[in-house]
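Listed next as structure tokens is one chain, alone, in the form predicted on its own.
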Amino acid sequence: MASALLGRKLGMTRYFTEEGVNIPVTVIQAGPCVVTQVKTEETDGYSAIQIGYEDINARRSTMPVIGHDHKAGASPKRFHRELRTEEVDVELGDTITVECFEDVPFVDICGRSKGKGFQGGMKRHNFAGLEASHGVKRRHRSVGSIGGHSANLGTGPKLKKGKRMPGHMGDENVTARSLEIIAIDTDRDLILVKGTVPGPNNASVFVRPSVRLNRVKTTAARKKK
């Protein structure tokens, strides 16, 4: 069955194992999600399913969304996400819960990072800044010289693209990769993952099985299976 869910980040807490080890975890309210559309090779040219999450008042939705979700026998949903699959093993209107992650050791969680507004080079790019010793002009948090990185060997009219400068920070799509699942609460639709997840509390997130593991986590995943 498709193993991917939409949900919300509830916050962080600590989880004690049977050996008494304290693990910092993030609590994710994942699902239940409804299959609102099924795409196949014959009808759409590729295989995929679309899932919907979180009921929304009909007057706060739109007529196309209301009709789209009604075909699946569901009320209007706030969030929708399409999942590419090689084989479609679900039907329109099916419900996907956290039980789909019971045999999954590591997951990727996609979310929107916190917005920081306009920030300087030190905060945005972790620059060291200028010296703070005697005789240095009061520009300690400056990014330093930038003319040498101009176009055409420093003689051009503008900076090269990609030059690290002050500017807007945060509020972008971020994927936290290969987070270990510590515990699953099927009664309350909760997933506890080790580590931090992008975004503020109550932010919407997308949980999927990890697509890339390092050598250590690959060995650990094989042992759990």
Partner chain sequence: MNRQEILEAVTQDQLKPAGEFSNFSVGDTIDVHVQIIEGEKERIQVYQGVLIAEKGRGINRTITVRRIVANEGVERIFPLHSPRIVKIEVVRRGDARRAKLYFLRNRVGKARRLRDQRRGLKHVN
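Keep in mind the model is a prediction, meaning the values are calculated, not measured. Residue numbers count along the first chain shown, from 1.
Note that the form predicted together with the partner chain isn't included here; everything after this is about it.
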Task: Segment that reaches the partner chain in the model of the complex - one of 188 to 196, 165 to 173, 65 to 73, 42 to 50, heavy atoms within 4.5 Å - done: 188 to 196
Task: Interface residue in the model of the complex among V34, V27, I184, L179, criterion: non-hydrogen atom within 4.5 angstroms of the partner chain - done: V27
Open item on the list: Taking the partner chain in the model of the complex, would E18, V21 and N202 all count as contacting it (heavy atom within 4.5 Å)?
Closed with: yes
- [ ] Look up in the model of the complex whether R14 has a non-hydrogen atom within 4.5 angstroms of the partner chain, and give yes or no.
- [x] yes
Open item on the list: Considering non-hydrogen atoms and a 4.5 Å limit, does the partner chain approach L213 in the model of the complex?
Closed with: no
